[in-house]
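Before any questions on binding or motion, here is one chain by itself as structure tokens, the form predicted on its own.
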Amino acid sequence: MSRMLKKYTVIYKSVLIENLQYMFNIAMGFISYFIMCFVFIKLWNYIYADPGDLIAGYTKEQMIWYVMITEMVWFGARSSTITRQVSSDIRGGNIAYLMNKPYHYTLYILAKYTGEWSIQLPMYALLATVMGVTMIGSLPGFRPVTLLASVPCVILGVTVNAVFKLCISLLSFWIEDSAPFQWIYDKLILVMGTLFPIEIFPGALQFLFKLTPIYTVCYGPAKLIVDFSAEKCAEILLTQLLYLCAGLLLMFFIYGKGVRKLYVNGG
């Protein structure tokens, strides 16, 4: 087990070091993040006619910080590794070479992806903090100690999202292009839980969203930061762990079926 973990740790470190050399390129994405957050700051300032209003249980400051945090996760965890690279490896036949390496292909991709967002996400977190404090002010009721619980939720949320996106990419074993399915999944995550908190939607939809990964990716971590409670933290962590286990099982199953398909068809 320790030897296996060491392999993926080496992959993670090599990608981490490589991405440290391209921090300026990563920073170029700050422009899109700034524009998105600026638009939503103006939007919620307009919607909250009275600064003391509550919408779906959120104050104006909580709502704006919520959007900034979810967008931080959205932008900071973006990568083509688990989407275009996986699909390209399968369609181009490179998978036949990679699957014979002394590591599991899907875990190799996840280790590589983790090395990428380990640089991106902290940079966007710093930008979000500076923008939020400058343009909105401090988050009411926020205590730094809540980050001790919120950071693991962010990491688990990003990982759950990566596992399910990787499952979609592995469909390239059977379909020509998995990009349309990636697009649908991304838009569901973006609209339901990223741009708007789940509480905005009708009760029936809220119950439905809580049964999907949407609940664990962006909404959960952001909710804990803007309105922390121990009960909510335990609920979100448990949900994330359940989805992570289910996603990994699904990922290994799809990959196994795809590899067997290659062997049957002669590689």
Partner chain sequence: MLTAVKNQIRVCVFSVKYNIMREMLNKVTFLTNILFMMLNNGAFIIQWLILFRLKEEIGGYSIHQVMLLWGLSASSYGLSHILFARVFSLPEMIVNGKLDCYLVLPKNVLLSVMTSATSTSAIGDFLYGFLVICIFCFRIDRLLLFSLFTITGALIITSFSLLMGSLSFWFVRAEKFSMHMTNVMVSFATYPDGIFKGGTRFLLYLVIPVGLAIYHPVHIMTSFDVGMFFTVIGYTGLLTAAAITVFYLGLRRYSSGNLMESGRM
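Please read these numbers as outputs of a predicted model, since none were measured by experiment. Numbering follows the first chain given and starts at 1.
Just so it is clear, the following notes concern the form predicted together with its partner chain, a form of the same protein that is not shown.
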I'd like to know whether Val133 contacts its partner chain in the predicted bound form, with contact meaning heavy atoms within 4.5 angstroms. no
I'd like to know whether Pro202 contacts its partner chain in the predicted bound form, with contact meaning heavy atoms within 4.5 angstroms. yes
Are any of the heavy atoms in Leu190 no more than 4.5 Å from a heavy atom of its partner chain in the predicted bound form? yes
How about Thr212: is it within 4.5 Å of its partner chain in the predicted bound form, going by heavy atoms? no
Which of 157 to 165, 114 to 122, 97 to 105, 179 to 187 sits within 4.5 Å of its partner chain in the predicted bound form, heavy atom basis: 179 to 187
For a quick test of understanding: in the predicted bound form, does each of Leu242, Phe252 and Leu262 have a heavy atom within 4.5 Å of its partner chain? no
Across 75 to 104, which residues bring a heavy atom to within 4.5 Å of its partner chain in the predicted bound form? Arg78
